[in-house]
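In structure tokens, the next block holds one chain alone, the form predicted alone.
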Amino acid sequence: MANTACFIIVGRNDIPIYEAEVGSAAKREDAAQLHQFILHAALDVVQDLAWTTSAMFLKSVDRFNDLVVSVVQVLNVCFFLNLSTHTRLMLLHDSRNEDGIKSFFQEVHELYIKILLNPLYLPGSRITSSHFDTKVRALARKYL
């Protein structure tokens, strides 16, 4: 079964720090831009929900046709740089597998924490690690 999925990590000031098309559906030439647009449009909804819920995992914050946006909100505190950032892990998908989506988010969050613990990584900068990208894509194949 072909599925559509686009994963993005959004840092402070709504700046994307990682993006990946992780679905197995056939790629259309304008699909990447459409997926980015849908995810960035959902950021407003996520910001409104952040004030009304204390949950980290937001199952379905926005919909576009048969695509659903799911979000995990993460508060990162970096004591040695005296910095705290509000990061959102966002997934645009057409899957109904809620447990798989939650497991995907949990494992990607662990990978993201490992990136943050790297002393050579500046929090808020783009994640360019090919190892991170390979792991995220493997997790997407496993859970989505």
Partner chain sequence: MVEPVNSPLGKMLLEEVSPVVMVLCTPLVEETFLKNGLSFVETLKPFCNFSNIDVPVRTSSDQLYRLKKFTLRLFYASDIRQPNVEVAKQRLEHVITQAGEKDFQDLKSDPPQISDILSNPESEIAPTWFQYYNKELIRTLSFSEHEAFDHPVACLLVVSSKDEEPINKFVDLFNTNRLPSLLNDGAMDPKILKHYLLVHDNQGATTERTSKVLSEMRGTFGNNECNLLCTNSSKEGNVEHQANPWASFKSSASAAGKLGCVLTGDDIVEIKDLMQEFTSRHIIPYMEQKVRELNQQISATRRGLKNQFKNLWWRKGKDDVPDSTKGPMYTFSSTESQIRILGDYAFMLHDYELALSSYRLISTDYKLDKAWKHYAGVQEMMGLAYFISDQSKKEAEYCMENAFSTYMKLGKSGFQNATRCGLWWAEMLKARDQHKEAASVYFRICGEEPLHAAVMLEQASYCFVLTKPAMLHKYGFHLVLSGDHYKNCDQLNHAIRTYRSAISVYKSTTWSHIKDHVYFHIGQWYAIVGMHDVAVRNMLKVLDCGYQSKATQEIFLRDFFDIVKKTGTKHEVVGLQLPIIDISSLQVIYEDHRTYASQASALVEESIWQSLEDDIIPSLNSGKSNWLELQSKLLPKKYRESNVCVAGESVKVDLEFRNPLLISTSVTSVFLICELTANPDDLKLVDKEPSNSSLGPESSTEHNLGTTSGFSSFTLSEVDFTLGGGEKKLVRLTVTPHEEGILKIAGVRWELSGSIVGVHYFQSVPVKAKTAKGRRKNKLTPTDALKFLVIKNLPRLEGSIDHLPGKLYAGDLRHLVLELKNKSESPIKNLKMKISHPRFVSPGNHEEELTTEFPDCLKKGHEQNIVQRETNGTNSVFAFPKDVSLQGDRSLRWPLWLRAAIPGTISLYFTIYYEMENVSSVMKYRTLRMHYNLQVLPSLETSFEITPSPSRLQEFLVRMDIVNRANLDCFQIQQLSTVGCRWGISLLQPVDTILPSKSLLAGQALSFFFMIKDCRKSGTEEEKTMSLPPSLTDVKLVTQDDDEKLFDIVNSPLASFHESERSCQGASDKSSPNTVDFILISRLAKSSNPSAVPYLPEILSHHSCHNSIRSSNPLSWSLDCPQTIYHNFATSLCEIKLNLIIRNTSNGLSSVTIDTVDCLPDTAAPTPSSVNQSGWRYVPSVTEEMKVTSDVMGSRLDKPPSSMESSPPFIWSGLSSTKVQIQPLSTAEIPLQISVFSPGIYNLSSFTLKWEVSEHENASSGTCEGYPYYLTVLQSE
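Numbering follows the first chain given and starts at 1. Note that the coordinates shown come from a computational prediction; the quantities given were computed from them, not determined experimentally.
The same protein also has a form predicted together with its partner chain, omitted here; what follows describes it.
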Q.
So in the predicted bound form, is its partner chain close enough to Ile101 to count as touching (4.5 Å, heavy atoms)?
A. no
Q) For Glu107, is any heavy atom within 4.5 Å of its partner chain in the predicted bound form, or not? A) no
Q.
Can you tell me if Asp94 lies within 4.5 angstroms of its partner chain in the predicted bound form, counting non-hydrogen atoms only?
A. no
Q.
If we define contact as a non-hydrogen atom of the residue within 4.5 angstroms of the partner, is Pro16 a contact of its partner chain in the predicted bound form?
A. yes
Q) Considering its partner chain in the predicted bound form, which of Val68, Leu43, Leu58, Leu111 comes within 4.5 Å of it through any heavy atom? A) Leu43
